[in-house]
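So this first bit is one chain, no partners, the form predicted alone, shown in structure tokens.
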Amino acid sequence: MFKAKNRLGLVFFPAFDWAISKTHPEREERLLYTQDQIFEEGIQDTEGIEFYNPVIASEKDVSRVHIVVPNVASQLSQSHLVAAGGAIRAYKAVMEKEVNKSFALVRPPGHHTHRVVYGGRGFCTVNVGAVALERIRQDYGDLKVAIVDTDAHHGDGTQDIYWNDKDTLFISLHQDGRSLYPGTGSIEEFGGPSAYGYNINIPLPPGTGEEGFLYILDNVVIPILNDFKPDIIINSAGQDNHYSDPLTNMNFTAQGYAILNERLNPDMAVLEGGYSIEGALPYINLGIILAMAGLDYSHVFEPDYDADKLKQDTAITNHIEKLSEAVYSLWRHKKELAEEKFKNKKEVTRERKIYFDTAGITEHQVQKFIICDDCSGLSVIDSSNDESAHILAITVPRKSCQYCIDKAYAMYDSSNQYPYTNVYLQDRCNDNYLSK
């Protein structure tokens, strides 16, 4: 029997009874072949690898992260809550030292879900990884966390949630948004006034292969992580950079994903996208499991793997080298850039249009960050949609000063509902959530 060098916890929740539709790319079969591959390889019999059952995330777990309109019960299915609960169980296994590392193989995915939720977008309705992270922060105290998103699509929801949180470094490696949903993720999207520089996007050209991903990892991601010194590293593990994925245009491999995870050395991983159900997911997930467990993954190749066909174009290599220099230079100069950008400002406003493609709803959102000298300040969202909802959402971040906490409650108390359909207060200092 093989023995894992790193004790690894796995939570497997394929949600076989839920899908957006029978023919949708994000459907029940996504993890069916992974399950077969895991059993075929005898992973369940490997000493040091433990399987855990998911728990069910509570409405409070969700409301700690999201403003769900009108409420959690109306938008989330039981499968969404179990997927989030699966990630919570996986993260807690590490925090309780039951294992060294964990991987939540759950669906549906979550990284396109922003703070405000009117329905599903990008196959996501709840940010599974963020709900789990904020639950362990609530249970185990403040943690300095790095989230490295390796999905082909920009993790715009996770970016939105942690936009102004200096304790959460978010790094997204993705296919350039000018060629893929959701269209965001440029290097200029660099964080809010209290966390400028702690949101890092690395938009890669279509056709990027193993060489490009590993170059970025070695020359940008790992040096930044070494500077940041997180307590925990989380891999938001999307598998759709694979060369066979039907929705994207990248050239990554199962072997490359395994190498990436060995070098990144995440404490936790949570599954995001990946829609090559037979040709990629079983091999990528197996490679990641073996890499996280410290086991040999050198035999993990797809049946149709051909190194010559997947060789990266020289023009892409040159582009990635220049991109790496630009991104790392921004990181090194983030403090001066922040001082220049936000000098003498008391408030910073951003205005966006967000489309919920599954729900068919368009949101118009104005978010105001109220800058405070003693803490990261308040976030106030005025959001309306084309189905007549109009909400005000006030968020008190973790570690806010008493002045900002009192100010938030005063704003909530004095907000008459008109013209709003709903008013929300999300208080992360006191783990309190109010709505009216």
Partner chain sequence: MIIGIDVGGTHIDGAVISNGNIVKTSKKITDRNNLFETIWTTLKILLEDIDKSKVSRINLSTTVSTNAIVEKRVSKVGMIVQSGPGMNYDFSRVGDQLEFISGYTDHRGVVVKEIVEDEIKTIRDNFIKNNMESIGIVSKFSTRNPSHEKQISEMLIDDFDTVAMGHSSSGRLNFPRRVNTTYLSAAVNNTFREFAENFEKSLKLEGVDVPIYVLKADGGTMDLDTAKNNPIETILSGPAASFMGLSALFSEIDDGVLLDIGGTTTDIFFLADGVQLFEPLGINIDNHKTLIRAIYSVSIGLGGDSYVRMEDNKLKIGPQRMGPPIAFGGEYLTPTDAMVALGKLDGGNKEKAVLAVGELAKRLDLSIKEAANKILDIMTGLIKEKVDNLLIKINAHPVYTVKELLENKRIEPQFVNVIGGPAKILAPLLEKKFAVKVKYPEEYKTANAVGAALAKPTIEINMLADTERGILSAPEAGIYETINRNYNLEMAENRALEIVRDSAIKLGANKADIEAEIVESNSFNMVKGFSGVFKNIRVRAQTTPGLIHDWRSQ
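Everything numeric in this text was worked out from a predicted model, so none of it was measured. Positions refer to the first chain, counted from 1.
One more form of this protein should be noted, the form predicted in complex with the partner chain, which is absent from this view; the next part is about it.
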Which residue, Ile43, Val380, Cys375, Ile391, has a heavy atom that falls within 4.5 Å of the partner chain in the predicted bound form? Ile43
Which residue, Ala291, Val300, Val99, Cys124, has a heavy atom that falls within 4.5 Å of the partner chain in the predicted bound form? Val300
Are all three residues Tyr215, Pro223 and Lys311 in contact with the partner chain in the predicted bound form, where contact means a non-hydrogen atom within 4.5 Å? no
Using the partner position in the predicted bound form, report whether Thr362 sits within 4.5 Å of the partner chain, counting heavy atoms only. no
Pro282: heavy atom within 4.5 Å of the partner chain in the predicted bound form? yes
If we define contact as a non-hydrogen atom of the residue within 4.5 angstroms of the partner, is Phe39 a contact of the partner chain in the predicted bound form? yes
Does the 4.5 Å heavy atom contact test between Gln78 and the partner chain in the predicted bound form come out positive? yes
Within 4.5 angstroms, counting heavy atoms, which one of the listed stretches 366-374, 29-37, 65-73, 404-412 is next to the partner chain in the predicted bound form? 29-37
With the partner left out here, which residues of 53-85 have a non-hydrogen atom within 4.5 Å of the partner chain in the predicted bound form? Asn53, Pro54, Ile56, Gln78, Ser79, Val82
